[in-house]
Structures are given as structure tokens and as C-alpha cells.
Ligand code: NDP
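What follows is a single chain, given as C-alpha cells, in the form predicted on its own.
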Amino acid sequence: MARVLITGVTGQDGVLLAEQLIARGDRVIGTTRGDPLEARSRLSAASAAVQLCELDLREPRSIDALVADILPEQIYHLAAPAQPNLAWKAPADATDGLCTVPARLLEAMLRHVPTAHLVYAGSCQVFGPDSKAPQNETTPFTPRTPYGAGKAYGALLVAAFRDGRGLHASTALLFNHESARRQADYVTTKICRAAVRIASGDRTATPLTLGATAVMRDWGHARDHMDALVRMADAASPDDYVIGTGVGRTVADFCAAAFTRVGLDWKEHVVHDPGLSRSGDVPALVADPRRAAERLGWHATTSFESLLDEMLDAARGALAVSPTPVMR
């Protein structure tokens, strides 16, 4: 049984990661900024054994004190601003959390548990509009957003502590990953909920308005991505890995698939508004996960169709509507 620390444990990724670790017998301690009692309601039944600690990661001494107290054998740093685009609203706060917090965590690890294994949840947002898909571990970082810049700094910092101080510290460059636990303000959840509402006959449902529908993304299941993080932490040697399915689909493709599975033509219910497109959007973000396959034995195992079905079922539950026939 390993002692494991997960920052941001009540988010989508944290819950799914905790489920895997608890299932194999690890003791999991997770941090949350809010009231632990309220945060516990966001856990799943399978992750209920997590020991929650209320912690503001921005407090200089809090991370050091926590690491010194629990002496974790594995550390997963997942905590970050919830949505990449929201970092534009408060770029200083966002980059402070993305840059300073990893530094404090790595410093605490070096001081108290230098033999622990750390995995940092990086992001494909480190790649800019000029990068060509598929992206791999050698693709240059050219971010064009505060979020991407902060994640790039975090990944470089992890590499610096790994190479300069010998820590077992790795970065997972995570491409888009979804699940039934994905928040309502993400485009994938918006698409699934709109499809479910319209298919249920909700007459108040307005057409779904989206920005750039031609951008391509690599959508995988968050549970598969968290399995990759566990393999990275368990590996004998640290390294950085691109984590994704290797299959790219446009936002339009995602819409078409979701609406088709509830018996609708997406073009009749989705409105394109170019004004909603984000500056700095990368035309195509698609993973080249060959290093993870070769060194970790990792492959995405959940099909895109199964992921969609899970998200559509979650949308029905959230909106309390009856199931509609699924097109297969």
C-alpha cells in the first residue's frame, strides 16, 4: 500500500485517478480548496475512501507542511484552473497557480521525500497554432494563451528538477479527455446536453451556438488518461509522455456523432458563430502516443462511441430526461 497525494482530487481527473489507486489498495490523500464536507459530495462511491485535506495551494507554507506531514510515496499534481480559456480573464492569478504551485510542490518533494515519484498533469495547450499534428514529446512548446504558457513552464520546471536534482518527476502532456464527470461549461458537455434536450422534445431548447467547429482535437476517455499517469508514477525511470488516442476529430465531427446517436441531424440544430472563436486556437491537436505505448505499454482502450454514450447518458441524468434510441 502506497501513500499517495493528489492535488485537485475532486475534479474529473482526480476522482477517476483516486478510483484506480484505491482499487489497488493505496492510501489516497487529496487536497481541496473548499469545505471538505462539500467537496466530498463530488467524489464517487469508488473514491469515497479518499482522505480530504482543505488546502489553499497558493499559501507558501501549506504545501511544504502537508508533504512533511504525510510523506507521500507518489504525488499527482492535477490542480489547475478549470478551463484553459478562463485564464484570459485573470491571467496573473492563473499563471501564478500554474507556475508557482508546481515549484513549491517540487521544492517540498526535494526537501522531505526526494525518493517519491511525481507526475505533473500537463496539457496539449503548450503547443501553439504553428505546431503540426500529430504532436509528440519533441514538438516545441509555442503556447499562445496564459494557460498554455503556465503549463509549459510547469513542464519545464519538472524537467529541471528531474535532470538537475535527480527527482523522479514526469509530465503527462494530456490531450482532450472527457467522461461522464466532465463539467457543464465544457463544449463536449454542452453538445451532449443540447442533443439530449432537443431529442427529448424540449421546445424551450434553442439551437446550440458554437464558435470554431473546424478545429481538430484528440478526444479520449479521462479514465484511460489517468491509467497513463499511474503507469508513469510506477515506472522505474521518469520521463515526459504525450497522452492521447492518436485520432483527431473536429468539433463538427463531435457534433455530428453526438446528434446522430440520438437520431438527429446536427446541422439542423447547431449554429456557427465565428465571433465565439478563441484567439490563439490551435487548428489541430492530435497526440502521437507511441512513446507511451513503447515504454509504458499504454494504449487508449475506450472507443469514441463508448465515450459518447457515457456522456449522453450523463446528460440525460443531469437534465432528467428519458433515453432516446441510440444510433449504432
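Quick note: we count residues from 1 along the sequence shown, nothing fancier. On a predicted model such as this, the values are computed, not experimentally measured, just so you know.
Not pictured, yet referred to below: the form predicted in complex with this ligand.
Report task. Could you confirm whether P81 comes within 4.5 Å of this ligand in the model of the complex, counting heavy atoms only? Result -> Taking the distances in the model of the complex, the answer for P81 is yes, it comes within 4.5 Å of this ligand.
Requested in this report: Please run the contact check for V230 against this ligand in the model of the complex: heavy atoms, 4.5 angstroms, yes or no?
Outcome: Output for V230 is no: heavy atoms all beyond 4.5 Å of this ligand.
Query raised in the report: Any chance T32 has a heavy atom within 4.5 Å of this ligand in the model of the complex?
Result: Yes, contact at 4.5 Å.
Query raised in the report: Quick one: does D13 come within 4.5 Å of this ligand in the model of the complex, counting heavy atoms only?
Result: Result yes; D13 sits at the interface with this ligand in the model of the complex.
Query raised in the report: So which of 136 to 144, 121 to 129, 245 to 253, 67 to 75 is the stretch with heavy atoms within 4.5 Å of this ligand in the model of the complex?
Result: Stretch with heavy atoms near the partner: 121 to 129.
Query raised in the report: Looking at R182, R217, R223, R162, which has any heavy atom no more than 4.5 Å from this ligand in the model of the complex?
Result: If I apply the 4.5 Å criterion carefully, the residue I get is R182.
Query - Heavy atom within 4.5 Å of this ligand in the model of the complex - the one residue of R291, R27, R42, H272 that qualifies - result: None of the other options qualify; the answer is R42.
Requested in this report: Can you tell me which bits of 160 to 177 touch this ligand in the model of the complex, meaning any heavy atom within 4.5 Å?
Outcome: L174, F175, N176, H177, in sequence order.
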